[in-house]
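Encoded as structure tokens, the following chain is the form predicted alone, with no partner shown.
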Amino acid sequence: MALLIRNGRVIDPASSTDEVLDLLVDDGTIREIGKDIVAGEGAVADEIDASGLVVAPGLIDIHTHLREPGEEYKETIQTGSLAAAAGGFTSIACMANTKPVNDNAAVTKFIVETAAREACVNVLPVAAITKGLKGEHLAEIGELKETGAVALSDDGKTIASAQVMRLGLEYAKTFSMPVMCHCQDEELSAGGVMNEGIPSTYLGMRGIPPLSEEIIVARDIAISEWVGHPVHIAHVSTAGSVRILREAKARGVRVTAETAPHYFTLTDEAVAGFSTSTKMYPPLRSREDVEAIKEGLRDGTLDVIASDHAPHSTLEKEVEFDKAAFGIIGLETSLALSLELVRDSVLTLSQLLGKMTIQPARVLGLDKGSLRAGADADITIIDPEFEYTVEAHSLQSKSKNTPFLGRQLKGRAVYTIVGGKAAFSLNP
């Protein structure tokens, strides 16, 4: 059955479209975009009146941890996809640090087949660069791509050896595979639990210096430039990293980068209450870093906003701060937190949606992220004025580890449509 979305403000950054239009979907594909569309003689169409709402390409999260296989008590492919749909995401790229690690065709195949059965959004496996995420021996990159991996990353770990990183990029270049870099010098950050700064000093906790991120950002960009294969820098959190990226782009290096909403929303001062939901890796940084992240988003140095959705159960989080696991969930709060950038005049709405649709699609080489006729009908309908409070019982994620519980947010997805079918509706 056809679907007709009427009278929405259609914002498609890929085509610079921003006007009130109708959109006709049939057989999982966008058939027509225009004014006063008629479904066709004899056609029966479901209709959505999107008056006052934004109709956008389906949001794409380039950085998600789904925990399956191996830690299904934290999250599963099914529950993670439900959280994604509730957050407006139609496609999510899931990282390789599962148990077992997604470093071989069998695990990639498991993820692909489980997602086909159980997920309500597109689930795109990111495979490991090295076996076991150990940074020693390369995984079988060609085999991983053939089985369905869309990118490579040892996220959660940094490849300490520059030689191994170089070889990984050379093999990735051979197979035209995007590479996503987790940048933390593990010697500099060893034992740290929060940002190194004034708050860590008065709280008496060991800090993780910004340098631990920046030194690896610079290294991986240098290796990328030498090899001639682009890298994507994950979860950028410091002013120094933004500066390094800006300088690299200015000299023509093909590098892209992402940040996450918590890095432009919270500072390390949030750790003062010792809530383990403020513990993440890289950690929350200083106010100066937050302002630099916003400027990097504004001037295009930072291409993508990603959630870095990292679910943990109470077993890992309801413990002493020093012992708690790093990471927070983010799929269901990313959109609303990011819309604050529009209200604060950091980005226009079209620029923001570009960083959550077409730009992540381009990083991964996906034929998604636009609303052109003939494209997959992955669509997110957003009410920018919808106000709600983040409550644990309403979250679709199996884990509830977010520092935003109890926070009043504004703006959310009211429909998430994947392949022409509703994956989420706020009022089903």
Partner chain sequence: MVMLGKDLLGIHDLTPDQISLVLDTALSMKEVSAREIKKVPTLRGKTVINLFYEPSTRTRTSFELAGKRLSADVINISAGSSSVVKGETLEDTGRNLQAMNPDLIVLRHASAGAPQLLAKMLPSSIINAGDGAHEHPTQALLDAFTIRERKQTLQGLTVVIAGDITHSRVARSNIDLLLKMGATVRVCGPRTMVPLYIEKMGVTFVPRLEEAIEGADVIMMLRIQMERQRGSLFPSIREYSRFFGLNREKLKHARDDVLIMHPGPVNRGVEISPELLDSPYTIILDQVTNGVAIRMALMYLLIGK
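Predicted model, so just to flag it, every value in this text is computed and none were measured. Positions refer to the first chain, counted from 1.
One more form of this protein should be noted, the form predicted in complex with its partner chain, which is absent from this view; the next part is about it.
- Proximity to its partner chain in the model of the complex, defined as a heavy atom within 4.5 Å, holds among 160, 190, 112, 198 only for 198.
- Checking 255, 205, 266, 347 for any heavy atom within 4.5 Å of its partner chain in the model of the complex turns up a single hit: 205.
- Proximity of 274, 318 and 323 to its partner chain in the model of the complex is complete: all three residues have a non-hydrogen atom within 4.5 angstroms.
- The stretch in contact with its partner chain in the model of the complex, judged by heavy atoms within 4.5 Å, is 190 to 198, chosen from 332 to 340, 137 to 145, 190 to 198, 99 to 107.
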